[in-house]
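The form predicted on its own is given below as one chain in C-alpha cells.
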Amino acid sequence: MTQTQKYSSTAITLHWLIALMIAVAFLVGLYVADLELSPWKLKVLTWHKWTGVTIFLLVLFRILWRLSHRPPEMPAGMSDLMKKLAHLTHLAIYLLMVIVPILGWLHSSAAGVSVVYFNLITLPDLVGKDKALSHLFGELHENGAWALVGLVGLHVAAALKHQLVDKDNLLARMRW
C-alpha cells in the first residue's frame, strides 16, 4: 500500500492512542459512577479528568494535523451515499471528542471542583458553582460519552464490514 493510500504515521498513532484513551476514560467513568463518595472515588475521578483533558488536547492536535494532511481516498467501489455517511460519522465523532471533555469540565466547574491537570495546572472554572447546572452538565457529559461510544462502535463495525465482507483492505490504511 502506497503512502497516498495510507494515513500518516502521526495520524495512525493519534487514532489508536485516542481510541485507547477514550475506552479507558469511558470504563473508568462507568466504574466511578457507582462508587460511594470516598477518597478512592475522588482519586479515580481525578484520573478520569486527567485522561479527559489529555484526550481533549490530543484531539485538538489531531484536528490540526488532519486539516493540514489530506486523508487517503475512500475505496473506489464505495457509493457516494456511503462516503457521505462515513464523512458525517467521522465529523460527529470528532465533535463529540471535543464536546464530551468540555461538558465534563463544565460539570466539574459547576460542582465547584476545579480541574487540576496532573496536580500541576489548575484549569479555569468555566462557570460558577451551580448545583442545577452541575447536574445538567453531568447528564450531558454522560449522554455524550454514550453517544461517542455508540458512534465508535458503528465506526468499528463499518471498518470490519469493509475488511471481512467487502474485502477492500480498508483497515490497512490505519496500520503502522
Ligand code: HEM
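Fair warning: this is a prediction, and the values are worked out from it, not measured in the lab. So that there is no doubt, residue numbering starts at 1 and follows the sequence shown.
From this point on, the text means the form predicted together with the named molecule, which you will not see here.
Colleague: Using a 4.5 Å heavy atom cut-off, which residue among 58, 127, 30, 147 comes into contact with the named molecule in the model of the complex?
Modeller: It is 30 that has a heavy atom within 4.5 Å of the partner.
Colleague: Classify residue 156 as contacting or not contacting the named molecule in the model of the complex by the rule of any non-hydrogen atom within 4.5 angstroms, answering yes or no.
Modeller: Yes, residue 156 sits close enough to the named molecule in the model of the complex that at least one of its heavy atoms falls within 4.5 Å.
Colleague: Is there a non-hydrogen atom of residue 53 within 4.5 angstroms of a non-hydrogen atom of the named molecule in the model of the complex?
Modeller: Output for residue 53 is yes: heavy atoms within 4.5 Å of the named molecule.
Colleague: Is residue 41 close to the named molecule in the model of the complex, meaning a heavy atom pair under 4.5 Å apart or at it?
Modeller: Yes, residue 41 lies within 4.5 Å of the named molecule in the model of the complex.
Colleague: Under a 4.5 Å heavy atom criterion, is residue 85 part of the interface with the named molecule in the model of the complex?
Modeller: Outside the cut-off, so no.
Colleague: What residues, if any, in 45-64 have a non-hydrogen atom within 4.5 angstroms of the named molecule in the model of the complex?
Modeller: Residues within 4.5 Å: 45, 48, 49, 52, 53, 55, 62.
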